[in-house]
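Okay, so here's just one chain, in structure tokens, the form predicted on its own.
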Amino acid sequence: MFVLAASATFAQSRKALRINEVMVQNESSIVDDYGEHHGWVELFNSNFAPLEISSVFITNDPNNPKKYPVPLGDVNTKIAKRQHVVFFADGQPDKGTFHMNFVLEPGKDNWIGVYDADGTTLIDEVTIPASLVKDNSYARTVDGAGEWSVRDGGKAYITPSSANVIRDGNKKIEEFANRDENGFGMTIMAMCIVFSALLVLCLSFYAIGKIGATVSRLNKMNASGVDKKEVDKKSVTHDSGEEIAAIVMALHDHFNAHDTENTILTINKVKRAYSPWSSKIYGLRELPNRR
């Protein structure tokens, strides 16, 4: 059951693999690790966890789903969460893991599919239109989702190995800067958060200390064989400090009694700090001795 559950989880994660962007005719876009221009296919991991894509199949022929198996044993086939990887369609798989054994043909509709390790489960597919010209890509509007559209490198960026939506700013930060130009609001918020956290910590430690003291007292009572009910009764019937003080004052007034025995001599030891700076034995000079 554990193996089946793990296999099902792994299969579900593989379904998050998406074809994200494709370029059929590459003359001035990115180059491979040999410095050459080739058509390329970008895959995207839409999971919020790393995804191992080795043993999946990439193909341009629906009748041959196992055309290019992604090799095992390459550490680079593990895609980080929400990240991309590019495969070059150069027909030269002997150059490395990311060089597929087929090429994309300009001027024709190119179909690309990604199959799971079983070779029958289609994970994702796309058909690139024949109208796509050189150095243009066919990409999703949003990474891993959205509609497909043509990108010419102008306002519509061509983004191999990066996000399809390039954000050059943060609207929330800009709006906050407009509303709080001098940063007073940010300062007050930060101080409130810090002191609130300190207050919560203080209360937590106080409560933990009280609970710990109570548990320790109960453990001691259990170890000594003392019943909690008896302790509660004793604490109720015990005289308070005010009552004891009233009794002592009454005894003193009526019987001239006191709580200190006049026949006992009390000696308190007074400790004085000793400083060698005033001692003559540590003088800087010694008088010469005549012999």
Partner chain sequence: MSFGDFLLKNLQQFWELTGFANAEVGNFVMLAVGLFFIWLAIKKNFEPMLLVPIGFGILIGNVPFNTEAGLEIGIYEQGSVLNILYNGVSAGWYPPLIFLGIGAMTDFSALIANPKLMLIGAAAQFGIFGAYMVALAIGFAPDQAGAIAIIGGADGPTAIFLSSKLAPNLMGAIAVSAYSYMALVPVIQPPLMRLFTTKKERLIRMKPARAVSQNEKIIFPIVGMLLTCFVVPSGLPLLGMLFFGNLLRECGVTNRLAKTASNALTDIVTILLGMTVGASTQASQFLTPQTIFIFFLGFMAFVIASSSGVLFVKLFNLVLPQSKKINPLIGNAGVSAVPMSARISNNLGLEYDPSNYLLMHAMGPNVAGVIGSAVAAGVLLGFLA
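Source: prediction; values computed, not measured. Rigid core (definition): largest C-alpha set, two forms, superposition within 1.5 Å. Residue numbers count along the first chain shown, from 1.
What comes next is about the form predicted in complex with its partner chain, which does not appear here.
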{"query": "Heavy atom of Gly209 within 4.5 Å of its partner chain in the model of the complex", "finding": "yes"}
{"query": "Phe176, heavy atom within 4.5 angstroms of its partner chain in the model of the complex", "finding": "yes"}
{"query": "Gly119: touches its partner chain in the model of the complex, heavy atom cutoff 4.5 angstroms", "finding": "no"}
{"query": "Trp111: touches its partner chain in the model of the complex, heavy atom cutoff 4.5 angstroms", "finding": "no"}
{"query": "In the model of the complex, the residue from Ser161, Ser204, Thr214, Ser149 that sits within 4.5 Å of its partner chain by heavy atoms", "finding": "Ser204"}
{"query": "Listed residue that, although its partner chain is not shown, lies within 4.5 Å of it in the model of the complex (heavy atoms), from Met189, Leu218, Ala145, Ala156", "finding": "Met189"}
{"query": "Partner-facing stretch of 99-107, 190-198, 131-139, 85-93, counted where any non-hydrogen atom is within 4.5 angstroms of its partner chain in the model of the complex", "finding": "190-198"}
{"query": "Members of 132-161 lying within 4.5 angstroms of its partner chain, judged by heavy atom, in the model of the complex", "finding": "none"}
{"query": "Cα displacement of Lys220 between this form and the one not shown reaching 2 Å, rigid core superposed", "finding": "yes"}
{"query": "Rigid core superposition, Gly209 Cα moves 2 angstroms or more between this form and the one not shown", "finding": "yes"}
{"query": "Rigid core superposition, Leu72 Cα moves 2 angstroms or more between this form and the one not shown", "finding": "no"}
